Structures are given as structure tokens and as C-alpha cells.
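Below sits a lone chain in C-alpha cells, taken as the form predicted alone.
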């Protein structure tokens, strides 16, 4: 069974050294008009190259751009659609992180690719394949405020976001993206809407071309939805094991027809994860997974950690896989 090492999504933008704080300085300078947008973009690009290299040097098989250009997981995509205005701040789940809340003010329309150039820019400076991360239509809708009379309820907003994301995924696949991760953490807070998410993903999957789709859930216990998720039209399922302590037993008993992204590295705790605990889970669950390749990753994005701790977490992933291989 092939097990690849992958960054989940985000990565810390700021580190302890002066050079690792240049993005913060540049952001303030750009806001004050002291540097141009082109100069600011060049600094962002250099940061992406730096963190891509850090991920590769840690031993990862799949890297991300760290979402360096994202203000947050919700407004980055939604704010670039017609019909959407951006409102004030709202807390993102139970984290100390805040998103800018979208307001659906008119008909939601996709104007053109949002993430394609970001993917190409990251892949151009990466020695490893770049995984693309997009926030799913259900989570976007759950964090949005409905003001337009064009949409009556949540399902209609989900459908509107699905139309836009279907076009985005099609464009990403055409640009060469081989693995596209769709983040839907909100489904764990509202499991009764699983059918709504499944229908949305069916439409997106119909335009994915040769790309693989990975559905990522986190910030909640996925065990109650595990059986239902097996029928979702995706190639892999990603889970946050810090919320789902029973999930390893469930996978070991039930198995999985789909590949699994094992979020066994805690992305929100600076405590270093114990290699032996992770190995025990992988040794029991991984042989029951039919889909391939599977992935070892963090429970969520790493932006909640200090930069040095995030690096150590990635290296721990590589150490775990090496030990697993050594045990046969």
C-alpha cells in the first residue's frame, strides 16, 4: 500500500528570523501605499518558493503553496465571484482565526479562474507536485450571509457556489493539477446535510478530468458520517483524527474503498506527536484501505503553529513513514 506524505493546506507565514517576517512588513507597506502591488506580489512569490522548499526538504511528496496569498479560507475564493460582497469578521470554527464573511448580494457568477495562476506559480518553483486546495461549496455557503432575493435558502446558495467551483476545478485540471483537495469542514457540524454535499460534489467531479479529488473534513468527529462518505464521488477522504479517536478502529473494522488521508499529525498543538501512537494506527488501518495512494498529513492546515514547530511536524511525518517501512 503506497503512503505519500502531504501538507494539508496552509503553512505559517511568519517565522522568528527577520527574513521570515518580510511578508508581514510588506503587507503593511502595501496597505500604506509604500510598495506597489507588483512588488508585493514578488515578495509573496519569494515566500511561496521558500516554504515549498521547506516542505520538500522535510521529505514531503506533495506540497502546497501554503495559501500565502489567501486572507482566509472563505473570502479568498468567494470574494472573487460576481454577486458577492465581503462583510466583517467572523470566527472560523473553534479557532482563534477569523474570516471575512461573504454576503450574497446578487447572482453568484464565476468570472474566471481564481487559483490557476497561484497553482502554476507554485508549481514553477516546486521540485515536488503541488496539491491544490479549494474550500467546498457547502462550507462557503454556511459562512455566507444571504441578502439577495435570487436565492431562497441554503441549498440554492450551495448550488450557486457549486456552479462556480465546478468551473474552477475544470480550469485547474486543464492547467495540470493532479490532486485537488476540497475542504468541507462544515459538514461535520451539520451531518444531516450530507446528501446536499454529495450532490454538489457529483457535479464538481463530472468536470475534474484526470485530476483526483480529495474531500477533506476537519474540526469535528467524522466517525458518524464515515459510512455515508464512502459513497461520495471522490477519490480520497481526509480525516482529522484529533477529533475522531474512534475513527482508527472504524477504518480497521470496516475498511475503505477509497484512499484515506490520515490526519494524524496535530496541526493545532505544538506538542510533538508520538511516533509509536501514529504507527499503531497506520499498522491497523492502512492494510484495510483499498484505494491508493493514501496520504499521511496533518489534521488541518499548519498556520495555527509557529513556523519552527510546523517544520518539525513535517519532519515527524517523514520519520513515521521511514519507521513504518522499516517494520515492513
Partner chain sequence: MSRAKLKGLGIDLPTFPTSTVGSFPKPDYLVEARAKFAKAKIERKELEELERRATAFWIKTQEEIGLDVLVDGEMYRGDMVAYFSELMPGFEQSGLVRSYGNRYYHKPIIVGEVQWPGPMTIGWWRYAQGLTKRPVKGMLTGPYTVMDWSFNEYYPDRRSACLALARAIRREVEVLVEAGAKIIQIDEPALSVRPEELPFAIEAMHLVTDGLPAYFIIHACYGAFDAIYSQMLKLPVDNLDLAISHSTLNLMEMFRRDPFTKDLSLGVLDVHSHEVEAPETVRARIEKGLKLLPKELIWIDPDCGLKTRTVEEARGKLVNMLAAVKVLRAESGVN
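Bear in mind the structure is a predicted one, so any value in this text is a computation, not a measurement. Numbering follows the first chain given and starts at 1.
Heads up, the form predicted in complex with its partner chain isn't pictured, but that's what we're talking about next.
By the criterion of a heavy atom within 4.5 Å, residue 174 is excluded from the residues contacting its partner chain in the predicted bound form. In the predicted bound form, residue 38 stays away from its partner chain, with no heavy atom inside 4.5 Å. Taking non-hydrogen atoms only, residue 316 never approaches its partner chain to within 4.5 angstroms in the predicted bound form.
None of the heavy atoms of residue 210 is located within 4.5 Å of its partner chain in the predicted bound form. Partner contact region in the predicted bound form: 68-76, out of 190-198, 229-237, 68-76, 149-157, criterion any non-hydrogen atom within 4.5 Å of its partner chain. Annotation for 76-99: interface residues with its partner chain in the predicted bound form are 89, 91, 94, 96, 97, 98 [heavy atom within 4.5 Å].
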